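Below you'll find only one chain, the form predicted on its own, shown as structure tokens.
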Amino acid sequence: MPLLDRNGAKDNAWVISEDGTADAEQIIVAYAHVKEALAGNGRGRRIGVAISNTVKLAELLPHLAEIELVSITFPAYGDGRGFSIAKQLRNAGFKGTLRASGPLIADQFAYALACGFDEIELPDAHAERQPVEQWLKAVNAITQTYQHGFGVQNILDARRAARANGK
């Protein structure tokens, strides 16, 4: 599955090891095995965890300091619960890598980045339909927004500033 960030396609250095037994320096384990993977991490591996979009933040909080990557699964592009989880993780102070994994579409890229995601892992079929260039173009397509966090002044703040300046 292709991986991309705000700069385009990138190599995936993480190995998926559902139960954490793979002999690799960077592994992504299933949420059900995160405790065992962290407990047996005397080898100094980097541990990531794959979670569904139904995991509650409170369940993940005790492990955040030891986890370097959280991969949030999106079962469908229309299911936005993963965006909320990403925002909650960033608000809780998670500084590691946040990965969205699943059938997102390019139109959601800017929003995913604004919610705190660092990268998106796409199914092959979606990557074929929407090449990297389309994703990169979509990042810059949003020039005005009502939400905070897109890196541009939002519409509401612009209106307030204009009123304060008598315009």
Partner chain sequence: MYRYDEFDARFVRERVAQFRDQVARRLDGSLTEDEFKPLRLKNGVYLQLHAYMLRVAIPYGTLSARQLRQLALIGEKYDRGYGHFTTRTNMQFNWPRLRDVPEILDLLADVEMHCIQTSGNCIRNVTADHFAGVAADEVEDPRPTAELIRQWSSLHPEFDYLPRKFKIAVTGSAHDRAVIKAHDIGLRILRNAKGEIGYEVMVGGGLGRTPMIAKTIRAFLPKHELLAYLEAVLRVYNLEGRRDNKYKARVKILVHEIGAEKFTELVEAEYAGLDGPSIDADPQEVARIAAYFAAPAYEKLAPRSSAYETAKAENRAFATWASVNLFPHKVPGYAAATISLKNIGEAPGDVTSAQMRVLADLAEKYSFDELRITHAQNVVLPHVKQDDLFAVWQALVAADLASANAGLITDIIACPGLDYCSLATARSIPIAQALAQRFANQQRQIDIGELNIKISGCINACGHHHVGHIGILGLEKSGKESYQITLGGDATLNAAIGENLGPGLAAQDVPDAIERIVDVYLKHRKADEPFIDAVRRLGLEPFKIALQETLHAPA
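Think of the rigid core as the biggest set of C-alphas that the two forms share within 1.5 Å after superposition. The structure displayed is predicted, hence computed values, not measured ones. Numbering follows the first chain given and starts at 1.
One more form of this protein, predicted in complex with its partner chain, exists but is not displayed; see below.
For the candidate set 142, 30, 60, 67, a heavy atom within 4.5 Å of its partner chain in the predicted bound form is found for exactly one residue, namely 142. The shortest heavy atom separation between residue 156 and its partner chain in the predicted bound form is within 4.5 Å.
Not displayed here, its partner chain is kept clear of residue 97 by more than 4.5 Å at the level of heavy atoms in the predicted bound form. By the criterion of a heavy atom within 4.5 Å, residue 114 is counted among the residues contacting its partner chain in the predicted bound form. Taking the partner from the other structure, its partner chain in the predicted bound form has no heavy atom within 4.5 Å of any heavy atom of residue 39. Contact annotation for 74 to 109: residues with any non-hydrogen atom within 4.5 angstroms of its partner chain in the predicted bound form are 77, 78, 79, 80, 81, 83, 84, 85, 87, 88, 91, 105, 106, 107, 108, listed in sequence order. Once both forms are overlaid on the rigid core, the distance between the two CA positions of residue 13 between the shown form and the other one is under 2 angstroms. After superposing the rigid core, the C-alpha of residue 158 moves by 2 Å or more between the shown form and the other one.
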